[in-house]
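Read the single chain below, which is given as structure tokens and is the form predicted alone.
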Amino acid sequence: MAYPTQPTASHYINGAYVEDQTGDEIPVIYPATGDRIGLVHAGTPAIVDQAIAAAKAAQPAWAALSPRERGRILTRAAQIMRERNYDLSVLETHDTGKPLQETLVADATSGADALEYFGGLAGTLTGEHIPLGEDWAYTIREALGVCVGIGAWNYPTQIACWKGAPALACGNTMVFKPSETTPLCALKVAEILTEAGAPPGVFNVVQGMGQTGAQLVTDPRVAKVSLTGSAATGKKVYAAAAAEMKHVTMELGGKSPMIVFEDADIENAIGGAILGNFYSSGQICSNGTRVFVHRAIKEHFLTRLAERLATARIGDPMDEKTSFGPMVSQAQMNIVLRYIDIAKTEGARLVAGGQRIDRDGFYIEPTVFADVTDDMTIAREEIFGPVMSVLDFEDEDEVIARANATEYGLSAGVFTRDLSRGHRVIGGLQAGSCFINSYNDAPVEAPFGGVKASGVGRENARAAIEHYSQLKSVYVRMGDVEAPF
């Protein structure tokens, strides 16, 4: 199958495509059909070394550019991405299976937002003057060096930009490893950055699986590791990076609560629940998959939810009328189907969906379980698929305690017309990215990240600058130095 803006090789190193067919084959599978549409090769140790060496060599000169010069390159790349949004969106759909209706507004556009935002922010990255009587001190914000980005498969274009843009704005260079499930899109980000004026070696892409990631994370030339992935993977990568005192950002999984009070606007709450469970076929780390609905409105909520789910347009992701697409892979589909079977066995009430769809590709119906209890597997473990768990509650303090009874803490949402209660409840929830009368908004201007097992550090906003730079303090004495001898 042909797809637009096709990358011409497996890797992108030092400003050009690089191929090494001795690396393991990684087939590119189109989730809507199960067909193989391409092939890349995993990076051999020599390829990984080449990428790190290129980034290391390029970093001093890149950091020496004025911040505004770096910012102009990022801004130019954002403009190119917007001009090519359709082709990049089609590529994203082939890489992930997400409907074109979604990728046209949520992927390359989001990546462009990050490049533009941090491009504009670059020139503002100044230090501080600290008066100390006749003496004074000042701070300098410096780059870390070579950064490694490790991406997930659900948002390959966006994640490459969310990690690359702040890293480059601060004067770092990057080696980015996409998920082996979605290897194509990050290559186009690298290509566009080069076209926009980024010098060779500033942003490199290497394909591979766990072995490749391990080599990147443990290389002594690497100063920082930023991972988007599961909590289990995050713990391993965090430990490996910590062993060599590397900086880290870990954007990991979640089992986030969405609380719907009895006074909520039902249609808005259902809209939030749909966005928080079925957008991208449920493959979003911040999804509010534990939907706590006040007992007084639960049945009305479930009835309207089922009615709205029945209007989902399931089909060819390339048809812009399609609103719900396949899972990213057969393996992920099988994981979700197993969780659905467990939910049925444990006594959850199936309200909608629950089956694989009889067509080519990796499709599962949007699935809703009601009467879910806190101890059920689907209420405790991250599923990463289109499965919503609806739990009953009556008391505010009770639902806050139950919402917090998880190892995760990525996101949380509250639907209520009582804004005092909305702020109060959000204040009591242990989560990093929260929403009131909305869900899953992720503008680049707002920090994104979790607490507890959902990660460390923040992506986006000015907060990301803190994680891709370090401060140097300089004390300046204006008079004589007094010493005891």
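Everything numeric in this text was worked out from a predicted model, so none of it was measured. Numbers follow the displayed sequence, beginning with 1.
The following text describes the form predicted in complex with nicotinamide-adenine-dinucleotide, which does not appear among the structures shown.
- Checked against nicotinamide-adenine-dinucleotide in the predicted complex, the candidates G361, G171, G409, G151 yield a single residue with a heavy atom inside 4.5 Å, and that residue is G151.
- Taking M376, L337, A196, A214 one by one, only a single residue has any non-hydrogen atom within 4.5 Å of nicotinamide-adenine-dinucleotide in the predicted complex, and it is A214.
- For nicotinamide-adenine-dinucleotide in the predicted complex, the listed stretch (393-401, 250-258, 128-136, 271-279) containing residues with heavy atoms inside 4.5 Å is 250-258.
- Taking non-hydrogen atoms only, S89 never approaches nicotinamide-adenine-dinucleotide to within 4.5 angstroms in the predicted complex.
- The closest heavy atom approach of L227 to nicotinamide-adenine-dinucleotide in the predicted complex falls within 4.5 Å.
- Taking the partner from elsewhere, F448 is found to have a heavy atom lying within 4.5 Å of nicotinamide-adenine-dinucleotide in the predicted complex.
- When contacts are judged by a 4.5 Å heavy atom cut-off, R82 does not count as touching nicotinamide-adenine-dinucleotide in the predicted complex.
- Contacts between stretch 171-186 and nicotinamide-adenine-dinucleotide, counted in the predicted complex as any heavy atom lying within 4.5 Å, involve K177, P178, S179, E180, listed in sequence order.
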